[in-house]
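Only one chain is shown below, in structure tokens, and it's the form predicted on its own.
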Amino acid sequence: MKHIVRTAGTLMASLVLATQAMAQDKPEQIDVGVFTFTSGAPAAYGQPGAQGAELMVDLINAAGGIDGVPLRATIVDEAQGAEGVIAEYRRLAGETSYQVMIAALSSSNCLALAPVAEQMQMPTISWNCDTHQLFLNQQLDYTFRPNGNTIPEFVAYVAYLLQVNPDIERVAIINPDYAFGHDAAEIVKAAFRAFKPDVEIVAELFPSLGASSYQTEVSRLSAARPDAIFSNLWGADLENFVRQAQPRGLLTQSQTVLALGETILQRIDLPDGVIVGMLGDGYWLTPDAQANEDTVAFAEEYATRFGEYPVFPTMKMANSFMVMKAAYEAAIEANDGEWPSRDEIAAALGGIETATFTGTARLREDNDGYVDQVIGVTGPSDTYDFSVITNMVRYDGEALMAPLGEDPIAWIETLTPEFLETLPEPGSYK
């Protein structure tokens, strides 16, 4: 009898999915699930993403919605942990009004949701999931990442560091103690082995997420006397580290690289010359962004509403909404004006290429994205009362991406110092 019950349940679930996959009548409202951190230490990074979603919904609706249908976003807090995130995803995906999810911030949550998206046949746009492991050794038909991954992101930082400081010999790393931090460390070390094999890693520190004190780490970094310090700390962890390191002169003692440093420029006075970026092209003050009237309007409206200008998590979220909107519109057009099913939206997302606020979102055949990498150094602004990014470069995202089907770390190891000569120079992006 138990076997019959399980079989009946499976058949019922298949029937529900089949019904959701078929074309449907034009709805009165489009629901979209948005997963980010709105509480806890990661909210310093995740809340700007949620605010970006709120503003994008309002702007899209003010312009007539999608094919005349208004949007409504349901914000899901990832702070509840993977089990709760998965349960909430399943609950929303079980409702036919939800045809797309925008999830998630945490790489671990993103990895956990990918098989669920496949099972429930729910198109899911990974707005901030950076781990290169997402599409490694698996085919995902319902997960799409237009925001890039850790391979081009961290190879780009090593390239920039060596372009501006080719005599670097001693490097220290301080990253968060989980997959994002450890993966980044391995990528950075592989890139140094490829571009400058004689670089010595003099310290690798992995403080716990949510740590309040970094005094021990600051002391160890100061004692190691590295030429450069690399860090992909983020959120409140990054703010706490910088606030404790700066009075002790650490950020000027060594060339510091803060991979997610753009997020704190409006809150903390960093010294000039710190290498910072935004894990992609999502800076509202790049030349491309400032040449786009819509981006400028978005940034000003965001500042008016929330009291500060957008940071790159905001722009990643906004760009993901633009990708979603473009996919809906393409699916409707391909469907001769009829409202599309989830499968038809997924088909439209495959290989999509569309303009965003900060560049172009382009997916390759495995649904991973090619995203340009913008990096620069902190410097003063004539317009704003906070540091901005100067001496910028924009690296082509495809050039820094491991070819489809190749092991990413092994691919980095095949690169040579001459590869740096093929890249644009710092300061060339004006």
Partner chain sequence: MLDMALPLIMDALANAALIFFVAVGLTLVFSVQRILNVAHGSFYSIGAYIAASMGLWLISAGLNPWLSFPALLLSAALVAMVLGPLVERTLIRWTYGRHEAIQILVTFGLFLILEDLQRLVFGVRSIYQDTPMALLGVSEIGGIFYLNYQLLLIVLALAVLFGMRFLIKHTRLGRLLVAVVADREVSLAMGINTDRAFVLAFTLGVFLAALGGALATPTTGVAPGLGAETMVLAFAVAAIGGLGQIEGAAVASIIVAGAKVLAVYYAPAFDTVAPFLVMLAVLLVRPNGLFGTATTRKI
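Residue numbers count along the first chain shown, from 1. Bear in mind that the values here come from a model prediction, so they are computed numbers and not experimental data.
The form predicted in complex with the partner chain exists for this protein as well; it is not shown, and the discussion that follows is about that form.
Open item on the list: At 4.5 Å between heavy atoms, is Ala236 in contact with the partner chain in the predicted bound form?
Closed with: Yes, Ala236 lies within 4.5 Å of the partner chain in the predicted bound form.
Open item on the list: Taking the partner chain as it sits in the predicted bound form, is Leu205 in contact with it (heavy atom to heavy atom, 4.5 Å or less)?
Closed with: Leu205 belongs to the contact set for the partner chain.
- [ ] May I ask you to check whether Thr295 falls inside a 4.5 Å heavy atom distance of the partner chain in the predicted bound form?
- [x] Output for Thr295 is no: heavy atoms all beyond 4.5 Å of the partner chain.
Open item on the list: How about Gly379 - does it come within 4.5 Å of the partner chain in the predicted bound form, if we only consider non-hydrogen atoms?
Closed with: Output for Gly379 is no: heavy atoms all beyond 4.5 Å of the partner chain.
Task: Interface stretch in the predicted bound form with the partner chain - options 119-127, 208-216, 68-76, 322-330, non-hydrogen atom within 4.5 Å - done: The contacting stretch is 208-216.
Open item on the list: By the heavy atom within 4.5 Å rule, which residue out of Arg305, Arg193, Arg90, Arg225 makes contact with the partner chain in the predicted bound form?
Closed with: When the partner chain is considered in the predicted bound form, the option within 4.5 Å is Arg225.
Task: Contact residue in the predicted bound form, from Ala402, Ala44, Val393, Leu55 (heavy atom within 4.5 Å of the partner chain) - done: Checking each option against the partner chain in the predicted bound form, the one that comes within 4.5 Å is Ala44.
Task: Sequence-ordered residues of 238-256 touching the partner chain in the predicted bound form, heavy atom within 4.5 Å - done: Contacting residues: Glu239, Asn240, Arg243, Gln244, Pro247, Arg248.
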